[in-house]
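A single chain, nothing else alongside it, follows as structure tokens in the form predicted alone.
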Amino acid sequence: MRASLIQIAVDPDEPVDARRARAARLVREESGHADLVVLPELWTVGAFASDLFAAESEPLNGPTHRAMAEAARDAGVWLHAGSFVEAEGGALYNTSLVLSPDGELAASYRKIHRFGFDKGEAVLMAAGEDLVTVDLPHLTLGVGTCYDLRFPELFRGLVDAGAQAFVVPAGWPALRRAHWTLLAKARAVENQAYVLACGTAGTHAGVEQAGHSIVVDPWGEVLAEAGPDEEILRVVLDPAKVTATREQFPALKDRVLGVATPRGRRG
């Protein structure tokens, strides 16, 4: 499976409609290069621009969904459309969409772990509740978002639900970039799964972004890593490598603590 991670910058002076159009164009340009395309977290508004969350919120089937569905259909790719601010029932959510090559919604995921330590996202957004996996041809994706990366129990739950790869869009700050790469590798190694971690470039509300999107294989080897600026990573994933790794080094079978009946929601 060919995957492309589109590390885009959020320019605060760029109107959101223009930003959607630019993201859609970049997705379309991956036609012929990728089977799966991934965008970063909150690229429509900026992960740290919390004062704009309410004003830039939209329903699940709003303009971001429509623009990304059309782009996925035009490109003929599976698209993890990063995340946007979803408004539903008087609450805001940090919501990701996974769209099929025919533009249909395959799954949505509301971020479970909200960042901010009693400010920003942590108080302005409601928490999701469901673990989400998506069955692609030959590969099952588990979905997380940014701060989720710090909580290994979420990824264990996704493995129990069948995940062979994790997609993690993010708006991770440059100040903690070392944690970003370390945690991406750790989640890959401990779960013997691919990690596709797609970050943003630029600066959000005065917070410099880490960039450095990264793809890690089930042995913890880095297949590709971006720099700090806008960039597209292209990699090839081999689903058989997940099976082979888990058979050759069956550490997951030796789990004792935290083993539970799989739960979650499939797209």
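Residue numbers run from 1 along the displayed sequence. Just so it is clear, the structure is predicted and the values come from calculations on it, not from any experiment.
This next part talks about the form predicted in complex with a small molecule, which is not shown.
Novice: Which of 141-149, 96-104, 125-133, 159-167 has heavy atoms within 4.5 Å of the small molecule in the predicted bound form?
Specialist: Partner-contacting stretch among the options: 141-149.
Novice: I'd like to check something about E41: if you look in the predicted bound form, is any of its heavy atoms closer than or equal to 4.5 Å to a heavy atom of the small molecule?
Specialist: The answer is yes: E41 has a heavy atom within 4.5 Å of the small molecule.
Novice: Please run the contact check for G171 against the small molecule in the predicted bound form: heavy atoms, 4.5 angstroms, yes or no?
Specialist: Flag for G171 set to yes.
Novice: So, in the predicted bound form, is F155 in contact with the small molecule at a 4.5 angstroms heavy atom limit?
Specialist: No, F155 is distant from the partner.
Novice: Is R110 near the small molecule? Define near as a heavy atom within 4.5 Å, in the predicted bound form.
Specialist: Heavy-atom contact with the small molecule at 4.5 Å: absent for R110.
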